[in-house]
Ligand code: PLP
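Just one chain follows, in the form predicted alone, and it is written as structure tokens.
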């Protein structure tokens, strides 16, 4: 089945599988124990930390904390900086992932949440953030690197510079960045806390990381034992960590193939809009976005019916974030961009991988045309 839902999750890379099996076979001891075999596991864990730091362009491997994924890290960030018993304010974009919005609403309920609006192209308006920072003291500013539904890249550098100048801690969910854009590029975004999930770039589910810098170095994710320099208690999953680092290294080697997805996607969007009246892409050509992502509006009918019929024809797409599937009001991302309720119900998210071929894109276009023929109008 041609798979067009890489923004939700990705298949396990062969390099990741090999690294997992090797680590699980040779380094299954607890890295925190004191006998020689455990010491070898500890050394392997630190080797993986160094390798990941090199891939991310991090100055110090000790700034990396291994986690179960971005959701865990995002929850920890908001719990840590909400300052129980004190009035705290956070600002976050109107298009954040549910794993950011949920903790913000939970932990900052007694303070204030300042939503940062986005323009029709799905990018935040930095001027609005600056006005918000001038209006009220802000503890935390959270902004994703790239949107999971539209692929729109965010002006993180400018936004985080404004936040730091105002004394706020900055947090970036960069889950969609890794595997699609150079991993070392996230350091230039300037966040105090940057989080990622391995399964977005070919690693197993249930493993991720948080890169801490500046004011973010005081983050404590989980209490208990001394693991991860007492920042995240719990025995580290060394096989999954090794698999994640191997997956990211392999993804970095295929970035040219990922970049080549952009012209294939653009050609698909152009033909889709020209051959099906009423259909079109949500973002205009040339908008700064991930090379693999396309949010489109089908000409008629509800998106769930299109998704089901495309699945019967052998094509896997989605209606948006897998973590918000089933939401009654549809995509909050598209709503923030000003799309109507009718348009949102006609939206599909298409996200390819580095190995998605021109024939796969052509096949998807043909399948969409077949589905369109089934709808009256």
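Residue numbers count along the first chain shown, from 1. Being a predicted model, the structure only gives us computed values, none of them experimental.
The same protein has a further form, the form predicted together with the named molecule, not shown here; the description that follows concerns it.
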Legend entry - Three-residue site 292, 296 and 352 fully in contact with the named molecule in the predicted bound form at 4.5 Å by heavy atom: no
Inset, instruction - Answer yes if any heavy atom of residue 199 is within 4.5 Å of a heavy atom of the named molecule in the predicted bound form; otherwise answer no. - result: yes
Legend entry - Contact of residue 173 with the named molecule in the predicted bound form (heavy atom, 4.5 Å): yes
Inset, instruction - May I ask you to state whether residue 242 is within 4.5 Å of the named molecule in the predicted bound form, using heavy atom distances? - result: no
Inset, instruction - Using the partner position in the predicted bound form, report whether residue 232 sits within 4.5 Å of the named molecule, counting heavy atoms only. - result: no
Inset, instruction - Sort through 337, 70, 65, 56 and report the residue having a heavy atom within 4.5 Å of the named molecule in the predicted bound form. - result: 70
Legend entry - 154, 142, 261, 148 - the one with a heavy atom within 4.5 Å of the named molecule in the predicted bound form: 148
Legend entry - Which of 93-101, 217-225, 163-171, 265-273 lines the interface with the named molecule in the predicted bound form (heavy atom within 4.5 Å): 93-101
